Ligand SMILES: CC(C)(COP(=O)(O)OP(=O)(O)OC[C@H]1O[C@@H](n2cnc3c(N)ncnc32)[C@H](O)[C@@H]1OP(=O)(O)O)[C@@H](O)C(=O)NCCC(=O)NCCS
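Only one chain is included here, represented as structure tokens and corresponding to the form predicted on its own.
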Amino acid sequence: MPNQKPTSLFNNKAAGERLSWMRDPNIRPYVFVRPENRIQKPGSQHPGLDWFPHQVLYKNPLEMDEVKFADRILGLETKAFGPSGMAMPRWVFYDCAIVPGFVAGFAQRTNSLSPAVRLALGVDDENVNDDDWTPLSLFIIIPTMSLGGEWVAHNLCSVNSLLAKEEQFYGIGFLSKAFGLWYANVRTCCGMTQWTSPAVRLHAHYGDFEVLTAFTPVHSYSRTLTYRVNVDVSHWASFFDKQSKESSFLTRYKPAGFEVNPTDEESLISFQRRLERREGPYFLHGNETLAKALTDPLTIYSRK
């Protein structure tokens, strides 16, 4: 059943220890949102979720004094996506993200940042007070014209991509998107990612992962897939349990009789043609994306 209460995030001892940063009072979830876009009853569509113990930090992008926080969001985004040529222009950030939607994620008091994080983010402010915050992650989400209330996951990244493994905030990327979906009461989310990106493993765990496009030449990167997820918080904890034997997916879906090879353009195009012929809908199994290498062929599933 969708929207069942999920297994507590901290029930898994190993995961709970690695997620200790979430209990740090110097780290809080934030929402960078103009007042008109603030959600009236955050989390009301996904009750029982106790993953975010700290008060939400609200920042208003229409106030000039918040430009430092905006600069730090954009700086993080540029460091994460600049090498791939997909950094977001500043005007796109404002026109296409801030005005219609919002940015969510986790932020840390600047005066409590570790030297490694300061170096990675280029933060050189030494004399700051407790009210100065630095974003550690960002998730941009935008409402669409869909009558069903669908939202678009536009962008997601974190400082982890800039840190050595021992300095990383375990699971912060997954949790940043989870927080945004929870906060905005999102029931249906679509988004875009590249087939061989590690983000495929992450996005496939917020609910049943339907593939809308397998090859997308209208995008700057044709080997982009477009997906839709009906948000189901009962899926979320399994992302942190790599030994999970979750099988409810297989009670509802069956192999469609073919695979897709993420590194083979002809395979992607063939899959795309199936979608265009309305042979689907087709889905990926989240647990399979975790179990396989990013370049391995993936089983495609259809409804039973």
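Start at 1 and count along the sequence shown; that's the residue number. Just so it is clear, the structure is predicted and the values come from calculations on it, not from any experiment.
The same protein also has a form predicted together with this ligand, omitted here; what follows describes it.
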At 4.5 angstroms, heavy atoms only, are L156, G171 and L202 all close to this ligand in the predicted complex? yes
Listed residue (Y30, F239, F271, F69) with a non-hydrogen atom within 4.5 angstroms of this ligand in the predicted complex: F239
Contact residue in the predicted complex, from N230, T144, S161, T224 (heavy atom within 4.5 Å of this ligand): S161
Contact stretch among 194 to 202, 117 to 125, 209 to 217, 93 to 101 - heavy atom within 4.5 Å of this ligand in the predicted complex: 194 to 202
Hey, in the predicted complex, does A15 get a heavy atom within 4.5 angstroms of this ligand? no
Although the partner isn't part of this model, could you tell me whether A80 comes within 4.5 Å of this ligand in the predicted complex, counting any heavy atom of the residue? yes
So which residues in 86 to 101, when you check this ligand in the predicted complex, have a heavy atom no farther than 4.5 Å from it? none
